[in-house]
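Here you get one chain, nothing else, as structure tokens; it is the form predicted on its own.
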């Protein structure tokens, strides 16, 4: 019988620790498939964040490095400069990248570091208990905004992709989602392209993935997918934000 699907070789056999319905697992699979299809596993180095994906080094079957909270772009910069022929990627959540790591991602992008960043935006701090993140929507209830985020006191959610797209060192930025099959396929193409941008030496590449957090959103997995589509996509529109030919 022909095999139509198998686990990517760039993933280990270790079971994911993520909550039921969390879409981190889908994104892990897409990243691994892209690595396999490009034939770069033996020269790929990933940098894991602090947050829900802190154990990413257990799941990706390539060389991995753990970074302090928010510092993945800085660590990845050092690795890429020492090993310029290797493919280096960071995998970061919105608390890690857009809050404590905001300076690191901005300056790595501005310098045009030949890195690939996978940015997971689930509009909340996941691992630490559901606090408000820089990406939480106005009116969104979290453990630290029990009456909903207020634009007057907490400001507006940061559109990271649009912000980084203004920088000269950026070669490619796209925002995708994984809430249905059509968008999962689009996300796969974007992630693969972000690695190809690095292989071509064009500059910094980032793919922002809108993701769900059913546990901290207080929803079922299906409700969370619908909430993402109804609430997140209007504020975080999908599509390419910058691409250098």
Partner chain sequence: MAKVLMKGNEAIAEAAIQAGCRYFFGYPITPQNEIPAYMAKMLPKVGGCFLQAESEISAINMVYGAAGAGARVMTSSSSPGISLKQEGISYIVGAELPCLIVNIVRGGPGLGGIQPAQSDYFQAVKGGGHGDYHMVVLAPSSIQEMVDLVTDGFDIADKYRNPVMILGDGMLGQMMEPVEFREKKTILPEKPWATTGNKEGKPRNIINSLFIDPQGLEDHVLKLYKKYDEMKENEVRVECYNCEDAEIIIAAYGTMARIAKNVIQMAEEQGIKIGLIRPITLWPFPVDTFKKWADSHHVKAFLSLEMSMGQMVEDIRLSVDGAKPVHFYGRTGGMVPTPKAILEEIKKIREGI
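All values reported here derive from a predicted model rather than from experimental measurement. Residue numbers count along the first chain shown, from 1.
There is another form of this protein, the form predicted together with its partner chain, and it is not shown here; the text below is about that form.
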Completion exercise
Picking from 141, 167, 158, 75, the single residue whose non-hydrogen atoms come within 4.5 angstroms of its partner chain in the predicted complex is 75
Completion exercise
Exactly one of 62, 194, 52, 34 comes within 4.5 Å of its partner chain in the predicted complex through a heavy atom, and that residue is 62
Practice task
May I ask whether 66, 104 and 107 all come within 4.5 angstroms of its partner chain in the predicted complex, judged by heavy atoms?
Solution key: yes
Practice task
Tell me, yes or no, whether residue 113 is in contact with its partner chain in the predicted complex, where a contact means a heavy atom of each within 4.5 Å.
Solution key: yes
Exercise for the section: State yes or no: in the predicted complex, is some non-hydrogen atom of residue 149 no more than 4.5 angstroms from a non-hydrogen atom of its partner chain? Expected result: no
Practice task
Spell out, yes or no, whether the shortest heavy atom distance between residue 57 and its partner chain in the predicted complex is within 4.5 Å.
Solution key: yes
Exercise for the section: May I ask you to check whether residue 12 falls inside a 4.5 Å heavy atom distance of its partner chain in the predicted complex? Expected result: yes
Exercise for the section: Please name which of the stretches 214-222, 200-208, 173-181, 35-43 has residues with heavy atoms lying within 4.5 Å of its partner chain in the predicted complex. Expected result: 35-43
Completion exercise
Contacts from 70-93 to its partner chain in the predicted complex (any heavy atom within 4.5 Å), listed N to C, are 71, 74, 75, 77, 78, 79, 81, 82, 83, 86
